[in-house]
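Encoded as structure tokens, the following chain is the form predicted alone, with no partner shown.
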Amino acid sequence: MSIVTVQLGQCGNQVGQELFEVISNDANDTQRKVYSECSSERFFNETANRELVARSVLIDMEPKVISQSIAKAAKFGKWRYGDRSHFSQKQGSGNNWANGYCVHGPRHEEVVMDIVRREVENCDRLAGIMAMMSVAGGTGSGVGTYVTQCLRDAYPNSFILNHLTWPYGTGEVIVQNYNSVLTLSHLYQLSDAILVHENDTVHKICAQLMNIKHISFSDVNKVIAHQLGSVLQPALTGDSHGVYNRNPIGELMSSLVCHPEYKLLSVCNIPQVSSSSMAYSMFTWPGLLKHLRQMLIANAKMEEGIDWQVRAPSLQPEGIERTRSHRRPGFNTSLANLLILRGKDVNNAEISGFQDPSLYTPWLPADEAFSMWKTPVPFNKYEKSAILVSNSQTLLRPLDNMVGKAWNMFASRAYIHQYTKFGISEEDFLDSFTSLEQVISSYNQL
């Protein structure tokens, strides 16, 4: 089954291009034929000339980034984008969600959806659609939200996964918190799941783990693409009977999204080292999984600087309900976790630490809350790697901060006129705040 990727705005197109590059590199190995064929079918359409064409649609309101993405893919030489799979205009959305959602989205809906429809019809079987965007600007967030709405209307029975890049907390755009609140509140009604990468977290990985001195957006995008690829590449699920999972998006949803109120997914992986250090690094499954479990418990986004003092709460005797007073300070409660192991001796990895009921909310049994995928095929040159996709309280603090900053601006009516002139009313803002406050409340109560 195949995934159609919709790349939206500058960030979505740049991350999407890096993702296809990672996947192409990983799948391009004749020694592992079944894995490679499964990966290629998932992400690429093979032409009569045996060219690999990405199952992707590129959308932006300015042509520059799309042209660069197409050129980089062509230069790379192992794959390319389709000749008619992109759409751009000459004028951007001015970092304004309302301009993207109310003006550019409706204006170009027909041509954009025609391109998507063509791409979907090229799939023998559609596993789902992944829309990739930033929440800070105007095109990725505004047009991206509108396109997601059109996708939901056109494909009501298909899985839709939104991959969002959250902006730096210090700010890239003055109204980024408005754009983020409007995007998230709308996507929560439309998407089956929302997988989030925070620029601040990825920047720290680049600096502290990858030892990059002058970090560019390209460096950040490569780390995001590596983590995304490690989730989406073929793996064996618990009930796949030795056959690679056919529908990664559907199986991701069934593993992690058990309730429509909880859709926010985060991802972390271990190890993550610079290419120059890889040859000198030795990793064992016990060491990797011990660190990854503590990263989950202590809400550490990377292995550097983990707080080892944080412990899971002790289970209450049967009949006594675990309440918030039983939680330990700093402990990150999970609703569901998916552990993906890739590489050598994967069948010998001891995973019982992730099946501990104390990690999870008391109203969901641990055996339903935890899932594992695995494959003996190493990923992206790492002999062993572990990836954790988590539906937990990880994103609670950054979401709360974002909503708080947006509310402070809204309370003083700062920049509101920039949105009302395109048709977004103050009531629309209030509805979005109410929607996200409910999400925050739900995750707080886990």
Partner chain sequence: MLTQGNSILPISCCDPFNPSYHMAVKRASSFSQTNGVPSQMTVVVPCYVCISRRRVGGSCDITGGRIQSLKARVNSSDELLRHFDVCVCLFVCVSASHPLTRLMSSLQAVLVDMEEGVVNEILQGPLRELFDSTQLITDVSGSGNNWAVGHWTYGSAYREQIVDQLRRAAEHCDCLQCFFLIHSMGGGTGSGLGTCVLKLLEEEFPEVCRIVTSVYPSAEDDVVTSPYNSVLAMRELTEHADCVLPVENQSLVDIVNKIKHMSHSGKPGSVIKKDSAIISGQGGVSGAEKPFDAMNNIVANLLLNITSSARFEGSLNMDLNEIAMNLVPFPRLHYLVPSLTPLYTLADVNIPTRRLDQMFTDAFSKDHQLIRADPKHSLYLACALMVRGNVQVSDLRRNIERLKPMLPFVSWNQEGWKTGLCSVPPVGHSHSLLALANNTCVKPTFMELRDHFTKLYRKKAHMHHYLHVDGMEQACFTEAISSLSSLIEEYSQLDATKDRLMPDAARLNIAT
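Residue numbers count along the first chain shown, from 1. Because the structure is predicted, anything quoted here is derived from the model rather than measured.
Below: the form predicted together with the partner chain, not depicted.
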The stretch from 380-388, 411-419, 34-42, 48-56 that lies within 4.5 Å of the partner chain in the model of the complex, judged by heavy atoms, is 411-419
Contact residue in the model of the complex, chosen from V173, V257, I340, L289 - any heavy atom within 4.5 Å of the partner chain
V173
The one residue among S185, S266, N95, S334 placing a heavy atom within 4.5 Å of the partner chain in the model of the complex is N95
Complete contact of V202, P271 and Y360 with the partner chain in the model of the complex (any heavy atom, 4.5 Å):
no
Is Q14 close enough to the partner chain in the model of the complex to count, meaning some heavy atom within 4.5 Å?
yes
Given that the partner chain is not shown alongside this chain, does G169 nevertheless sit within 4.5 Å of it in the model of the complex, heavy atom to heavy atom?
yes
In the model of the complex, does A154 have a heavy atom within 4.5 Å of the partner chain?
no
Does the partner chain get within 4.5 angstroms of any non-hydrogen atom of S24 in the model of the complex?
no
Using a 4.5 Å cut-off on heavy atoms, which residues of 49-80 contact the partner chain in the model of the complex?
E62, P63, K64, V65, S67, Q68
